[in-house]
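Below: one protein chain in two forms, given as structure tokens, structure 1 then structure 2.
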Structure 1
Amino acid sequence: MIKISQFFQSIQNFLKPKIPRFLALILSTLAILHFIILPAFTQQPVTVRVLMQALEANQWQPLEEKFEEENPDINLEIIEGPNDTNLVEDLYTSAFLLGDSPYDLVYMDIVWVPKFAAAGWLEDLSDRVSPAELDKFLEGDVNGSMYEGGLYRMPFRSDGGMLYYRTDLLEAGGYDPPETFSELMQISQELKEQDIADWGYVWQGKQYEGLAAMFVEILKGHGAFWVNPDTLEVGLDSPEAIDAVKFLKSTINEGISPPGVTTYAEEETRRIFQNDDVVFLRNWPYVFALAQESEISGQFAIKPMVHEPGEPSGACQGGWGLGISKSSQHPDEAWRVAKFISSRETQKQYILKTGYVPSRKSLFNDPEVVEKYSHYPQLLEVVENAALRPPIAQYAQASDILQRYLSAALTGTMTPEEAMNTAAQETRNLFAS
């Protein structure tokens, strides 16, 4: 490395014979300013931007700090969005539709991948990851990151819906955890009548993506389906699917669920479960760590969702990961972030802190993880047997149709039959268009 004084002297020596001394002095000072001092001041780290739900943006702070410490040439900027996944999706979608997205990274819910990839908004990451590396992730998360053979997302955290129940309330009434929908109803009813519980069952009934996620579990437990992704056959108007809607509606009609349940997203249901005496809650694994720090700490457990006798249990496959925006000016720096975030070490630290579910298989049985969350080996079974929302490019529209009509049935503006017949027809029209 050459020193500034040497550089200064050599310019002066070069200029001396050609021009007067004072001019040589001015020119060499300008050269130093131009070549050495200004660049030193203007060499900013590259900024890589990502948008995510507010709840998680806060939880990412330690990751951001660690990443920047290890990568001083990159400034990771996290932008807080709303908490409903579909609202964040809308923000990304309008950014892409308006032209060059301001986001270099796309923190993606598993259900956005086909749409974003089909629209050409994402970089194909296949060449950046080896098959051996991908093999370390849960199959469902990898499959959910692919579209037509390309890889568009590095899985970060997985997700699977499950049933939480209050062990103390069940014990007080002398019940075992339920296996079927009718057992859940009966236990709820009796515990309410005995004044042991305020509510039987809370679930996400608001008109948003969480409603569709919850509903695929109820569908699967009734032996019904939404859309077959291979044939695009629609199953929403089958008698079993209509029964699934009737079950949800009966929880409200019979006072098992609070009437406000049709306006609740994940966070509202978590708060009620933690603050009131609620026997059952449908939610994602993130609730576990938060509820452990609440008043019901040590008084609840989890199990796979209830079902009809002879039908399987349904756990909706959820999960989040990072894709790279095609319009990013800094795809390599964005990739460094994606690699860091999806690494084993980062995932481990993150889930130890938050209770989210890893996407790397080996973490489910990691001694430190199991010491903190003894239910993780059991959780692996839940997320490995997931119920899928159809991985199709028209998913956002199909989900919107289902959300609208399901919500109409739950709030009583349509009967379950009318709602599901219309939803099925509109979905078929969508695929025919």
Structure 2
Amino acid sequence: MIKISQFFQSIQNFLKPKIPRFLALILSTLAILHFIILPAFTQQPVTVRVLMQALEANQWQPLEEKFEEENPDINLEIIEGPNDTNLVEDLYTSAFLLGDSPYDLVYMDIVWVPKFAAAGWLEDLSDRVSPAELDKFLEGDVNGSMYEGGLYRMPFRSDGGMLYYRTDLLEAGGYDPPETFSELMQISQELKEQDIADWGYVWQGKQYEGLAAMFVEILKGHGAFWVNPDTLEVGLDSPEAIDAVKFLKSTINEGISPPGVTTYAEEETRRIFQNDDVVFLRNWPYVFALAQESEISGQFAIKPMVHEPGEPSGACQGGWGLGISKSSQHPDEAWRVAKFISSRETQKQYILKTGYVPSRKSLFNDPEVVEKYSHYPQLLEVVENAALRPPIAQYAQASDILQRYLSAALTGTMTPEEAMNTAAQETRNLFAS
């Protein structure tokens, strides 16, 4: 390779007989800038693409700007998708099935991980992050990011189901918050009889993914399980699982829950809790900030979900994080994005701005975070009781089976025994096929 000094001298020697020395010096300098230095400044940054819901894509804009400022050699391109998460999942799936995905990063709901990993669409990140670093994240978020021993997602924001309760209504009746299902039923019934409350308990009973998410908490609280991911054993037809269905059904039959609860998703239950005198609500952390801006501000609190005596409380593990597409042409640059996004500093910035739940444990007690969200230390207690939906490759089909038969039991078209026996058998058939 010719040295710059030699190149510089050769240009001067060529120009010297033809033009004055000072012009030769200027022209030779310009030649060096054009042929050697200028390309280094005009080299295009690598583009790393990720698809996400439109709402969150807008919320990520400050993160995108900060990342590109600190990493000028990478252009982070966030592509806006539908706000319906099922449609975003379908777009990712279609892109992978058609061949090389145009997305370098995959922004994933926790329940997508086993499906995408089993299909071979994601890079195993185990060698890129140390166990000591993973220990800084919530255990449920890490477990939900793994499949068959590999790590396929870096957690970003977490989520977990919990029990909201009206402190003013409990105080009016002289009650402490319940710990068990029977205590919840008793308090609800007595507050209704005293005309202190309109309803005792609202929850997500519509036939959709939220029904399955809610039910894993009731299952865990009864000492039951859905599917063992290691053995694929199905537990839906166990006596404890059938009792879990009977509990939900009893809240409707005994007037503790509104008859329309079998049509409610998250937002319907939130609005009823905020607008009516409802004692208890099962929902996600996002409700807290919205309820604080409503008429019940300062009149509610949160706690882990109730359970049977001697059984653990369960908080359905939700949350989102970043995986790297196996077909990405820029996996190292994609990892730099994932590492930046999952960092403590970035999570803190995002949490303070949006009110989402962090996946890093230390942020729940960070002074600035607690100053803005005083309930976060208590929220940590809730989300550490993680109840995972089964991390299996056939999760989408298994969830559809559970939703259909659980809905049938709750709406009275099948008995709890009939519904759960059939759901269990169809799930076993799914694994045998």
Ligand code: GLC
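Just so it is clear, the structure is predicted and the values come from calculations on it, not from any experiment. Sequence positions of structure 1, starting at 1, serve as the residue numbers. So that the term is clear: the rigid core is the largest set of C-alpha atoms that superpose within 1.5 Å between two forms.
It is structure 1 that shows the chain in the form predicted together with this ligand.
Once the cores line up, the CA of D277 ends up less than 2 angstroms apart between structure 1 and structure 2. For F67, a C-alpha deviation of 2 angstroms or more is recorded between structure 1 and structure 2 after rigid-core alignment. A two-part rigid-body description fits the chain between structure 1 and structure 2; in it the smaller part is rotated by 21 degrees against the larger. In the core-superposed comparison between structure 1 and structure 2, the CA atom of Y107 travels 3.8 Å. Taking the core as reference, the Cα of P331 moves 8.1 angstrom between structure 1 and structure 2.
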